[in-house]
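Listed next as C-alpha cells is one chain, alone, in the form predicted on its own.
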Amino acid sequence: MARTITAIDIGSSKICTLIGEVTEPDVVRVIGIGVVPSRGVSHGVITDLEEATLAIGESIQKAERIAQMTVTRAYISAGGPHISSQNKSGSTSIGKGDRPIDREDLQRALDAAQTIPVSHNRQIIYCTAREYTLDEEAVTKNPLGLLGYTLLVDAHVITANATSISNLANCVRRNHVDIVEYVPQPIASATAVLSAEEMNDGVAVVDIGAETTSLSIYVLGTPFDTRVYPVGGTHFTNDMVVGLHTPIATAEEIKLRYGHLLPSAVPADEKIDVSTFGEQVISSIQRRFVAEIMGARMEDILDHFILRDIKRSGYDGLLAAGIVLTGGASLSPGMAEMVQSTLHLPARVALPRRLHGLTETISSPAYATAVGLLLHGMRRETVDRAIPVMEGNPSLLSRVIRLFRNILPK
C-alpha cells in the first residue's frame, strides 16, 4: 500500500506544502502542492503568530485539495540566521568484542555526540554521523555487523534558537499537524540538488533565498559545515530602491525583468525606463547601472560570507565539485559566472532532482528546500529502515541528559 509524506517549507517569501506518495523505495511522486505568499515570517523566523498560522494553513489546504487527503503529520524546514553547526564526537562500549554492532549501538554513539553543552536558549534539531571509528583504528561509514570493543562516531550537530523553533511549532500545530522532524533548510536544499558523487568529491551548496542565504559544505559524502546568513534576494531590490530612487514594487520589477550580475555582459548603450519617487515623468537610465548595483551586492555576499566561511572551514581545497547554487535568487542572470570567477571554483545553478508526479510548478531552484524535505522524509521512512540511523532529531535519551545537565547546579 502506498504511503504519503508531507513536507512544509516555511520561507520568508513563500510557504510551500508538498504531499508525496511513496510506492517503492527511493521513489516519491508529488500528488499535492500548495504555495502561498509568506506572511508573518521574516528572515526565516516567525514574527506574527496569527498571520503565519493562517498562511501555513492556506498552503496545507491547497495541497490537501489537490491530493484529496488530509495532512496530519509533516516534515518542517527550519531556517534563519540562528541556525548554527558544530562537529562533535561520541562513543559507546560494544562489549567484549564478541557480538556484532547493531543499530542500538549506532544510536548510543550518536546520543553521546549530542550531549554537548547547549545554552538555555538553544536546542539540537539535527545530528548526522559523518564516520565511525572502531577500536581506534578502523574508519567506516557503516559499522553494522562488525565486531569490536568501542565505537566512536564523528557527528555533525546543528542547533537552533529554541524560541524560534517553539514559535514555528506553534504555527504548525495550530493547523492540527504533528511535526515528524525539523530539517535545517541548508540540509534540505542540498538533499534536493546534490548527487552522491558531488557529496563524495567535495561540494558547497549556496542557497540564495529571499531574505537569507545558506551555505552547506559536503566532503566524503556527509555535511562538514552548515551556516545561514541574513541576506538574500530582497537585498538586491532594496539596493535598487536606494540607488534608483524608485518604489520597492518598481525596483522588484526592474530586478526581475532587467537584472544581471555582470555589468560587462550588458550593452553599454542599453537603457530602461524607471519611475522615481516624487516625479511625474519616467526617467531613462542605463541598464548597466542596475547590473552594477546587483553585482556589488552579490560580491559582498560572496566575499564577506561565502568565501570567508569556506576558507574558515578548512575545506576550501577539497571542493572538487565546486559550488552548486540554488534558491530563487540563483536564477539571476550571470549568477554562476560571477560565483565561478569570484571563488575560483566550478559553479552551476541546480534544479531539484529525482522529481515525479506534479513537478511542473516545483522544477525550479526556488523550490529546492521543499523538494529536499520531501526526499528526506522518503529516505527516513523507507531506506533508513534497512540502514543505520544516520541523522534526525535528538533521541529521548539525549534530550533527558541535556535536561538534567541544564537543571543541575553548575
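Remember, predicted model here, so these are calculated numbers, not experimental data. Each residue number is its position in the shown sequence, starting from 1.
This next part talks about the form predicted together with a small molecule, which is not shown.
**Q** Of the residues 246, 85, 114, 234, which one places a heavy atom within 4.5 Å of the small molecule in the predicted complex?
**A** When the small molecule is considered in the predicted complex, the option within 4.5 Å is 234.
**Q** Of the options 336, 210, 194, 124, which one has a non-hydrogen atom that comes within 4.5 Å of the small molecule in the predicted complex?
**A** Among 336, 210, 194, 124, a heavy atom within 4.5 Å of the small molecule in the predicted complex occurs only for 210.
**Q** Please run the contact check for residue 268 against the small molecule in the predicted complex: heavy atoms, 4.5 angstroms, yes or no?
**A** Although the small molecule is absent here, residue 268 would stay clear of it in the predicted complex, with no heavy atoms inside 4.5 Å.
**Q** Report whether the minimum heavy atom distance between residue 327 and the small molecule in the predicted complex is within 4.5 Å.
**A** Heavy-atom contact with the small molecule at 4.5 Å: present for residue 327.
**Q** Consider residue 156 of the chain shown here, and say whether it contacts the small molecule in the predicted complex, taking contact as heavy atoms within 4.5 Å.
**A** It does not: once the small molecule is placed as it appears in the predicted complex, residue 156 has no heavy atom within 4.5 Å of it.
**Q** Is there a heavy atom of residue 297 no more than 4.5 Å from a heavy atom of the small molecule in the predicted complex?
**A** Result no; residue 297 lies far from the small molecule in the predicted complex.
**Q** Only one of these stretches, 166-174, 195-203, 89-97, 252-260, has heavy atoms within 4.5 Å of the small molecule in the predicted complex; which one is it?
**A** In the other structure, the partner sits against 252-260.
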